[in-house]
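Below you'll find only one chain, the form predicted alone, shown as structure tokens.
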């Protein structure tokens, strides 16, 4: 099975790579384990120097790197460049703060001296998705490498150029050979790699099915794992919301990354008091978006990543329409080459429709009415997912209810859900467990070693 770059804008094959042989995988696992033995003893200053050098490369080569991201998965060129810049920012954030975040913590004790020290675990396997080919990897790799771990990347099979590019950039930045290695292997090989004694832990960003598989393998091997899975994030518009701010952000929150983001707003829950003012403006703005060539600066929404993904979104919309939902705008693929789907707003969506019960990974918004704040929060929580939530209100009491009562790993007030190094990133319920980014993220793959000196 070759790893293929298939351009979503044209359907053309751009590049193909042969998978690593079992011997090559063995070599990379051995090298990672051997490198960890010495890399863990490097100083924070040494690691920070290499990390800043990597960030400098990302900045210097931003146009070329972004072109790879757009060609492989179809995100607009502007958003691809922003992704590269965000990665460089994250690298510098951890380079500047890792030593303080992992500093020895004194503990008061009745006898002797006690403290907690944070030590790296070893080679960490990252199983990563295609939708943010760079950022998903760097938000794991930057803290893991700064903590003294080494990284092994099994990337999505449709972004091989991105996977190899990341390994090359870390190498050129000066990191020791084996500190970060890409494994071009099929999904079926992941379980055996997790079970390998040289692998200390695993992190996955991906689907619920992939999360179950990785968690099962990690459980059998008794290894730490972090899972960031799907989301069906609510965008809750309450009576005191400022609609002039809420409407444009709602559009961006839904169609960011061509609608293919786990933290994209997907369910727009609008109370009756503002529904007649919010919904028409939202539909009009969604219908006005420009769909087209992701390299064209005028484009708002590029293609979906694959024909299968486009067909899945179309099937979810068609199912809702057939069962009585109203298509307020969009609702169909764009004719011609490439895997484009028109930005869509659905109303009248009810339980039993796929668009209600499933995560829709494309530029499709589901609008749900709510009588009041109580019903809005109940509807927002009526999902098996719990990744992020966005609540819109000017009234402090309404804001506080959203903060306290929405069941999610992240709640953003009067803003769309985003990821940044300062805040822990992750979810609850079937959106996974564990955290990336922030202090919480860098400590996920550390041994919190308790020390007591009598």
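This one's a predicted model, so the numbers in the text were calculated from it and none came from an experiment. Numbering follows the first chain given and starts at 1.
We do not show the form predicted together with a small molecule, though everything after this point is about it.
Asker: Applying a 4.5 Å heavy atom distance criterion, does residue 267 contact the small molecule in the predicted bound form?
Answerer: Result no; residue 267 lies far from the small molecule in the predicted bound form.
Asker: Taking heavy atoms only, is residue 130 within 4.5 angstroms of the small molecule in the predicted bound form?
Answerer: Residue 130: yes, in contact with the small molecule in the predicted bound form.
Asker: Would residue 154 show up as a contact with the small molecule in the predicted bound form if we use heavy atoms at 4.5 Å?
Answerer: Flag for residue 154 set to yes.
Asker: So, residue 381 and the small molecule: in the predicted bound form, are they within 4.5 Å at any heavy atom pair?
Answerer: Residue 381: no, not in contact with the small molecule in the predicted bound form.
Asker: Only one of 69, 54, 387, 32 has a non-hydrogen atom within 4.5 angstroms of the small molecule in the predicted bound form; which is it?
Answerer: Filtering the options by heavy-atom distance leaves 387.
Asker: Find the only residue in 314, 187, 164, 326 having a heavy atom within 4.5 Å of the small molecule in the predicted bound form.
Answerer: When the small molecule is considered in the predicted bound form, the option within 4.5 Å is 187.
Asker: If contact means a heavy atom within 4.5 Å, which one of 338-346, 156-164, 116-124, 287-295 is the stretch that engages the small molecule in the predicted bound form?
Answerer: Selected stretch: 156-164.
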